[in-house]
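The form predicted on its own is given below as one chain in structure tokens.
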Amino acid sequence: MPALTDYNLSSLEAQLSGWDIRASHARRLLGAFYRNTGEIDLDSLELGKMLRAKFNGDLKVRQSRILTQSAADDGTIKLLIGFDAGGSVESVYMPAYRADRAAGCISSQIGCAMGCDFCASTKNGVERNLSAGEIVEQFLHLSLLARRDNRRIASLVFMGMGEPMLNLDNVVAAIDRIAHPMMGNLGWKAITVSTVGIVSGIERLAQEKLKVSLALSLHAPDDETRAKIVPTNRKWRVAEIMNAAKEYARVTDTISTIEYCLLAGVNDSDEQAHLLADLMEGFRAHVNLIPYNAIGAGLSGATYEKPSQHRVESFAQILRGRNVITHFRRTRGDDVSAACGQLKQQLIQLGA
């Protein structure tokens, strides 16, 4: 049975017409649904008996539920969201410094097949792609948390479980609903899509001309190191990935982010900092240095450690000395396992 999040305006109008119900109800129904962050009082809308009856067997309001949530001392809330179609994913709500705003992080797949050795999401592989509606529902759950906190979701990143470029049809459809003024009303420029470097996906997302930002999970500036920790590098080399990212920034006129998780003794040397700076020449992008969040042994059996503060600062200093705009990602929700895949992995280990 489809849910309201499975429709955009035109598809819901077509569905209502197929049921011999006035298509004009679609705009009012979707408008009320999204204005109320997925909570809707059907009795308060003049929908007509036929449409109201559809909610008793042919149409449902929602298709997901919060299975568990954990709140961190810094206000971060980690959600595990279950779907009627089966499976669950993680989403994260992060209050911003501004009292009226928050950021959200959502997933595109149940699990992940990318095999990044330092990431918990990939430990059990990928189960399935999320539908566009299931992606949208994560945004609605986060929006409801924000509303109850007297905030609004001001930015949204596809940096949760899964590789968005391997579910691009549904990711693009979900973005359209989340960003559309009549529905999620977030705006396209407030959305960032992250990828480990699926070149064909980057090229296709550029063709969509959505004006969403791109985040590239690079994590190493050389092919030898990157192939050890990001297996997809065996298909697409660093130079090819960076060229695709630069072309995306040019075509969409957006500023990209290079995500770089620092691993002690693996990718944090001075030499690698200079190699990364070389890659950034002529690129409208920022480097986001990420403190490693320990997950235990990776798929290869290797364990990783966070570099010392001195090593991290030295790495950043080299980049900044080469005129590369460099930020440190502020750690959020460490006390509730907010890194991708950690909460679900804990529940799997407990047999939940």
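Note that residue numbering begins at 1 and tracks the sequence as displayed. Nothing here was measured: the structure is a model prediction, and the numbers come from that model.
Although not depicted, the form predicted in complex with a small molecule is the subject of the following passage.
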Residue stretch of 161-169, 244-252, 128-136, 93-101 approaching the small molecule in the predicted complex, non-hydrogen atom distance within 4.5 Å: 161-169
233, 195, 267, 257: which sits within 4.5 Å of the small molecule in the predicted complex by any heavy atom? 195
Students should find that, of 51, 324, 40, 295, the residue having a non-hydrogen atom no more than 4.5 angstroms from the small molecule in the predicted complex is 295
Consider residue 217 of the chain shown here, and say whether it contacts the small molecule in the predicted complex, taking contact as heavy atoms within 4.5 Å. yes
Residue 291: touches the small molecule in the predicted complex, heavy atom cutoff 4.5 angstroms: yes
Might residue 119 be said to contact the small molecule in the predicted complex, defining contact as any heavy atom within 4.5 Å? yes
Using a 4.5 angstroms cut-off on non-hydrogen atoms, would residue 261 count as touching the small molecule in the predicted complex? yes
